[in-house]
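Below you'll find only one chain, the form predicted alone, shown as structure tokens.
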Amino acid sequence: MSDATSALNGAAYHGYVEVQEAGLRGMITLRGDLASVDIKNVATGLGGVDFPAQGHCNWVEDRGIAWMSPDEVLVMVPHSEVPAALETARNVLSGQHHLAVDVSDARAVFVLRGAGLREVLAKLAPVDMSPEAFPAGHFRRTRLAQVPAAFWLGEDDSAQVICFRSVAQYVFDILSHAARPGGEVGLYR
């Protein structure tokens, strides 16, 4: 059995915003009736945070839950805990309509840091990135240039971006290009 590796082995770019591949991240797609107490309990038990409102992500250290759609959340756990987390989900939700799938190795995650990160994302995504329209904790599924992606903002001039592993190099390149010194346009400052 081979060792798991992240898509870009921790690639980093240091521009007016830092772009860093986050490395291995455990991610479980959990689908079902999000009003179900059992679904919520499984998600919060594994994710270690409160269940998010629609269009939000709750995140602490290496655990979180992101609202993906009316019947889907993304539960994030340490990569090594995914098999046990899936087993827990399947045991608790047995007999109930649900889907719990490991999508960890199909995704790549990038962390953006710096005061200009809203501007970097606004260059690439058709999203109003103003603090009033997109405050910390909001989560958006959208596109970055030509590929699907999702992102959320932290409280501390940080953002996390998720994309398919197959387009990780492209996403890293466009984020890095958008963060190049001299490319600042002064939005959201």
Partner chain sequence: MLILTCPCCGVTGEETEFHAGGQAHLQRSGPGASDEAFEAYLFARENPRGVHFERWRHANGCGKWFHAARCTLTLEVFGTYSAQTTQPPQEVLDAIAKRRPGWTEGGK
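Residue numbers count along the first chain shown, from 1. These numbers were taken from a predicted model, which means no experiment stands behind them.
The next section is about a form of this same protein that is not shown, the form predicted together with its partner chain.
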query	finding
Any non-hydrogen atom of Leu34 within 4.5 angstroms of its partner chain in the predicted bound form	no
Proximity of Trp59 to its partner chain in the predicted bound form, heavy atoms at 4.5 Å	no
Proximity of Met27 to its partner chain in the predicted bound form, heavy atoms at 4.5 Å	no
Contact test in the predicted bound form: Glu81 vs its partner chain, heavy atoms, 4.5 Å	no
Residues of 101-133 having any heavy atom within 4.5 Å of its partner chain in the predicted bound form, listed in sequence order	Pro126, Val127
